[in-house]
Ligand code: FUL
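Form predicted on its own, single chain, as structure tokens, below.
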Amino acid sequence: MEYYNFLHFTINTFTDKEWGYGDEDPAIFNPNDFDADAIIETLKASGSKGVILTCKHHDGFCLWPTATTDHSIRHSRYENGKADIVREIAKAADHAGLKFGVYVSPWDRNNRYYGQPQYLYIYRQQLQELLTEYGSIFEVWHDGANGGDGYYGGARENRVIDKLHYYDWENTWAIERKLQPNAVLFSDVGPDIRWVGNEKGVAGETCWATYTPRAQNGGPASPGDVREKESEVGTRNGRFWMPAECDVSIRPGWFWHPSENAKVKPPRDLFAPYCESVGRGGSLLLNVPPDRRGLIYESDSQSLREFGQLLRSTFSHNLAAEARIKASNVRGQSRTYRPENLLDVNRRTYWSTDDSVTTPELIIELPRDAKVAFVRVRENIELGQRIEEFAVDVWSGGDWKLFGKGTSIGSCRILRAEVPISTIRVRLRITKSPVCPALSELALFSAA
């Protein structure tokens, strides 16, 4: 999917807070012009493939009429408590062809039972409601913020939990697997995809999809206790296949605040993390917080639409689509593995070499001079992340000049030139790989 959106929207939107304490009056939640279709249409215009809604944040307020707590939309003024924001967003996403996911905070600063065994039953019941009543779910998002001070039914105290054991994650994940077998499960430690370790939307320059998470003390990791710097890079030959998801907000905060209306990231500041998340083999999760009307604020909407246009204008025309391409080696001299597979836009066809050839090269001959600003390379990810180092050269002034180089490739790697380079010939060199490469794409693009 590569790029999709977060929607941070809940009672915090009306209290001007990032983290609610849990003692809020549900009645204050009242978006007077909520329009799920308008929200989703804006996200789709930005190029998004899906949306994850904060169905329950740390304050415990539920955006659906749950049977587990009174701290929910049932006791809000919005449509006299008869509404269901989760259903409206899920329906709008489905109508627009976007996938729908749910964020369900494990921490609950409102619930009186948080920190006690009874809460795990309540949390799992909330998951059951969300994963059985709202259609197909593509991702279930678990935050690493767990435990601390809160309202807790009036106790107003600090509650510390054992992050490794309290939620019985193995069995909680098993429940989610059973209810939504095609959903991807996210947390600091997966089990399917991992947090990238920062909130800048940026993966490490080297970013392996394989990963062995470790706690701060070097022991078993859990959501909320992981070595964040290692998450950015992953682990070469790590224990799990757990690609990185890179989250960032379009604003300084995650929820809408009127004081941040003039601080929305412009399109170019969204394009940079795209290249350093999607362009490093991860996925970009861009947060967009609806305002108190229940709409995407005008400046956010404009930036998103222009960002979508920037993506389309940059990556819609592959300069190499009509090029000639030759390889120093083709596996078994078979057409099945011919280099032309790199140009056919099919991610499952690929070029490969004989087992003994691990440092081959490819040369693309363009039909005419072109200014190259971006080079995109993809491995056939079904065969794993094989290449460890590569370089791209362009023919300029009668000789090869280095365009850029990198380490991990994975599902997508984008090299970007500070200044576009005019050339008619581009060379890709695999400079380090423990096994023969398996590449599905080599594409060239000019600047937007």
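So that there is no doubt, residue numbering starts at 1 and follows the sequence shown. Just so you know, these numbers come straight off a predicted model, no measurement behind them.
Absent from the display: the form predicted together with beta-L-fucopyranose (FUL). The rest refers to it.
The stretch that touches beta-L-fucopyranose (FUL) in the model of the complex, counting heavy atoms within 4.5 Å, is 5-13, out of 21-29, 423-431, 5-13, 436-444. This chain appears without its partner; in the model of the complex, the one residue of 291, 276, 143, 176 with a heavy atom within 4.5 Å of beta-L-fucopyranose (FUL) is 143. Checked against beta-L-fucopyranose (FUL) in the model of the complex, the residues 208, 254, 123, 134 give one hit for a heavy atom within 4.5 Å, which is 254.
Contact between residue 103 and beta-L-fucopyranose (FUL) in the model of the complex is found at the 4.5 Å heavy atom cutoff. Contact annotation for residue 199: at least one heavy atom lies within 4.5 Å of beta-L-fucopyranose (FUL) in the model of the complex. Shown alone here, residue 247 lies within 4.5 Å of beta-L-fucopyranose (FUL) in the model of the complex, counting heavy atoms only. Within this chain, residue 44 is remote from the site of beta-L-fucopyranose (FUL) in the model of the complex, having no heavy atom within 4.5 Å.
For the stretch 46-70, the set of residues having any non-hydrogen atom within 4.5 angstroms of beta-L-fucopyranose (FUL) in the model of the complex comprises 57, 58, in sequence order.
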